[in-house]
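Listed next as structure tokens is one chain, alone, in the form predicted on its own.
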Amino acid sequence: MPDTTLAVFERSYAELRRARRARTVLGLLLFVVLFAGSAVIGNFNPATLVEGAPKLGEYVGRTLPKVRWDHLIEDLAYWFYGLPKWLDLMVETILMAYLATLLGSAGAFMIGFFGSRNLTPATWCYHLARRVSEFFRTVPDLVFALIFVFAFGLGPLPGILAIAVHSLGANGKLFAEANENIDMAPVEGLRALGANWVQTMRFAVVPQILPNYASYVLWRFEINVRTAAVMGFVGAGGIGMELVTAVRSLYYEDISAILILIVLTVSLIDIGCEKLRHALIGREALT
């Protein structure tokens, strides 16, 4: 009897190993096929990369001015001669991202309840909410910006609307998935007491998911600041309009100065949002 059991075990183990080996080989083949196809479609050529790499350094070198230690202040002042104007545009960019994040997150807050399987009042509401959020986050925000520029003209408004719509789609998915991971005991308790759908969402769901929502909103704000910085490429406001003007006019030193300003601003916002997010999470853990 033990010998028979051991033989069955060894046979099962051998079958599992063969199946695992087959999956590994299949996975490697799929990886190779996809990589090769991507390389062909993308014209990925190591020789082209080697040939073009020095040109990247040449372009970057053109954007950097000559800064001398003995004339450091004067050279920096010359490099950042447009700083007052660029700072105004940078503030406009941040405010664009802020307002777009608020609008998009407010819409995602509403659509997230309908897009959750465990909370939606009807099946058709679930599918409609999911498809709407998929559409809004699938279409590139620059495409939305072009459409809104055509409808509302140049300026910050098209950029705000484009970022808000894209944020609604992205956060709508994240909020819905957060809702699906809540503890359903409070929800069932309120339903048993006769609470309606809105009351159940307000008192049983919202207190559970607010920390996650806050984390997602801050994370989205970081992304939207970077997105707003390039909205100017299609005339949708922000510092991107000044950057694209410098690029098209071959004002090399302006390009590097504006990029440094954008990088510093985004880095500071990322650090601030990270600290605020950790503070919110820590506060929730204490309570």
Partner chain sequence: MLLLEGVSRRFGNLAAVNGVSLSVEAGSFVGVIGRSGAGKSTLLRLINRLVEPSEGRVSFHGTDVTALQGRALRQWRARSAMIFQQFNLVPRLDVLTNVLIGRLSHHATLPSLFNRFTAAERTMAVESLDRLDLTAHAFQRADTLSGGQQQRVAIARALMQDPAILLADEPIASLDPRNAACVMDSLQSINRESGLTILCNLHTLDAARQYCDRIIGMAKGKIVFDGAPAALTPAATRQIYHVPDGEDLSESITSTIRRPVRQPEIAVATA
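Numbering follows the first chain given and starts at 1. Treat the numbers as computed from the prediction; the structure is a model and nothing was measured.
A second form of this protein, the form predicted in complex with the partner chain, is not displayed here; the remarks below concern that form.
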Worksheet item: Taking heavy atoms only, is residue 198 within 4.5 angstroms of the partner chain in the predicted complex?
Response: yes
Discussion item. In the predicted complex, does residue 203 come within 4.5 Å of the partner chain, counting heavy atoms only?
Written reply: yes
Discussion item. Does any part of residue 180 reach within 4.5 Å of the partner chain in the predicted complex? Heavy atoms only, please.
Written reply: no
Worksheet item: Contact between residue 185 and the partner chain in the predicted complex at 4.5 Å, heavy atoms?
Response: yes
Fill in: Segment assignment from 163-171, 208-216, 82-90, 110-118: heavy atom within 4.5 Å of the partner chain in the predicted complex
208-216
Worksheet item: Can you pick the one in 125, 142, 190, 157 that has a heavy atom within 4.5 Å of the partner chain in the predicted complex?
Response: 190
